[in-house]
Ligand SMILES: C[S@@+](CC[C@H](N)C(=O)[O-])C[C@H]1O[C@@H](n2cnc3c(N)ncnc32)[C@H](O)[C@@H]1O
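One chain comes next, on its own, written as structure tokens: the form predicted alone.
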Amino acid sequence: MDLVDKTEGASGGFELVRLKNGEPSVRCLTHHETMHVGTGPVTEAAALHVCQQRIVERARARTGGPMVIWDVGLGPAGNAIATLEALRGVDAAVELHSFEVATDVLEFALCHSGELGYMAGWEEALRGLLQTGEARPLPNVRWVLHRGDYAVRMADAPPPEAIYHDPYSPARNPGMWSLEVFRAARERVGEGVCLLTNYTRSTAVRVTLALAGWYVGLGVATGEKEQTTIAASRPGMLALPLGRDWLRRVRASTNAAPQRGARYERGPVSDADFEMLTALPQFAG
């Protein structure tokens, strides 16, 4: 990756870099992670979240109020803007709720909107979101920003039908991938229908999601990853659900223990956790 520009901010600073395919993206200097490293911000977001979740089709089919999307880890707004682009001209009400502990990265990206490209036409909405916490980027879309701890602020948003789970990696931000956070999100969904998509293929993350009450499956390929992870609130929603054969991989893995709390720890799954996993409805049959 080639360095294009660099700045320091309250959360440690960011770089504007160019990916292998020539697209620009943002790299966090604190976490040493490049966002949407595989294919670029909007390309990856469209495949991983918008298309895989069939956002447009589900929004059109929605009755009784707007479709609620949780954008967890707003970052430089790649996922949110991919959603807005897909919803252009769609006659369906949507509420997009973006969660971010700090907006430094979005402010940096907005200063480089010309170089990044994908923000073109959305700058006014982004500025309004940062200034007031809410914007109307499209006539049918209400966009709300929730600043602060996701585990706390999720209570301020209506129950989701789609979750884009896109924080920094488990190694860099373990608390956001914890059993407690995934369980809290699942409890907010309640009896509703919801899909959760994310970029990882980690066995530990999949175990954590399952123990938190989600049905877990194989997600689409993005960039250099041949698969990602998708989870659902109900059985039958997944095209490729994990089966009992996957349990052998869990048992053999040296990194299958569910994430608990904010301290990142790798290790094999315990006997107790494995027993709970095998007893879940997804694997008990």
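Position 1 is the first residue in the sequence shown; the rest follow in order. Not measured: the values here are computed from a predicted model.
The protein also exists as the form predicted together with this ligand; that form is not presented, and the subsequent description refers to it.
The partner is absent here; in the predicted bound form, the one residue of A102, V193, A93, A184 having a heavy atom within 4.5 Å of this ligand is A102. Residue in contact with this ligand in the predicted bound form (any heavy atom within 4.5 Å), chosen from W122, Y215, Y150, F108: Y150.
Put simply, T83 is far from this ligand in the predicted bound form: not one heavy atom of it is within 4.5 Å. Using a 4.5 Å cutoff between non-hydrogen atoms, P167 counts as a contact of this ligand in the predicted bound form. Residue contact check for G73: one or more of its heavy atoms lie within 4.5 Å of this ligand in the predicted bound form. Shown alone here, L209 lies farther than 4.5 Å from this ligand in the predicted bound form, counting heavy atoms only. Residue heavy atoms within 4.5 Å of this ligand in the predicted bound form occur in exactly one stretch of 126-134, 154-162, 201-209, 168-176, and that stretch is 168-176. Contacts of stretch 75-89 with this ligand in the predicted bound form, defined by any heavy atom lying within 4.5 Å, are made by G75, P76, A77, G78, N79, listed in sequence order.
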